[in-house]
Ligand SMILES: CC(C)(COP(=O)(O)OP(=O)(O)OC[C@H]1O[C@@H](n2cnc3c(N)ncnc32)[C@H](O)[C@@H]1OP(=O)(O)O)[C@@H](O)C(=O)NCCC(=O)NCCS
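A single chain, nothing else alongside it, follows as structure tokens in the form predicted alone.
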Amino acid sequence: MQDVEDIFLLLAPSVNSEVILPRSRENIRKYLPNFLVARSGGALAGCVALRDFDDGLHEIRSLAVAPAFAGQGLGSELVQSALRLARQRQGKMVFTLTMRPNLFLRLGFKVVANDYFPQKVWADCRFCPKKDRCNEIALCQELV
């Protein structure tokens, strides 16, 4: 449960700059099993969440790296860990919506239309504060 507050605080700067959508402490607590975290010397260095939409479809979300660890490959390691977890969960495809696509492109993701995943649109996008001005790029990777 210590991770809830640490994740919330790690996400906060990216939420404030609208790079990551807001997640309340209650939401993080509820979905804590979806999170993977990286620690260094006891401090939270980064996190990522993997959401299961059923039928083998997973979403990578809430990816954040602490400034002290930026540029050291931790974001890539977290995404690769999420991909391994999706495979363990019998995933067939993983997608993400991001304003920073380069990391995902380097890891083999392909750009797709933002409405390519209707499960996401119906579950989250219709409630998003940015729904009428979405500037995120959708990417996906098939897990074969």
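These numbers were taken from a predicted model, which means no experiment stands behind them. Start at 1 and count along the sequence shown; that's the residue number.
Beyond the structure shown, there is the form predicted in complex with the named molecule, which is absent from this document and is the topic of what follows.
Of the heavy atoms in residue 50, none are within 4.5 Å of the named molecule in the predicted bound form. By the criterion of a heavy atom within 4.5 Å, residue 91 is excluded from the residues contacting the named molecule in the predicted bound form. Although the partner is absent here, residue 12 lies well away from the named molecule in the predicted bound form, with no heavy atom inside 4.5 Å. Residue 19 belongs to the set of residues with a heavy atom inside 4.5 Å of the named molecule in the predicted bound form. The putative spot formed by 65, 76 and 97 is fully lined by the named molecule in the predicted bound form; each residue has a non-hydrogen atom within 4.5 angstroms of it.
Among 57, 103, 36, 28, the residue placing a heavy atom within 4.5 Å of the named molecule in the predicted bound form is 103. 70 is the sole member of 32, 43, 112, 70 with a non-hydrogen atom within 4.5 Å of the named molecule in the predicted bound form.
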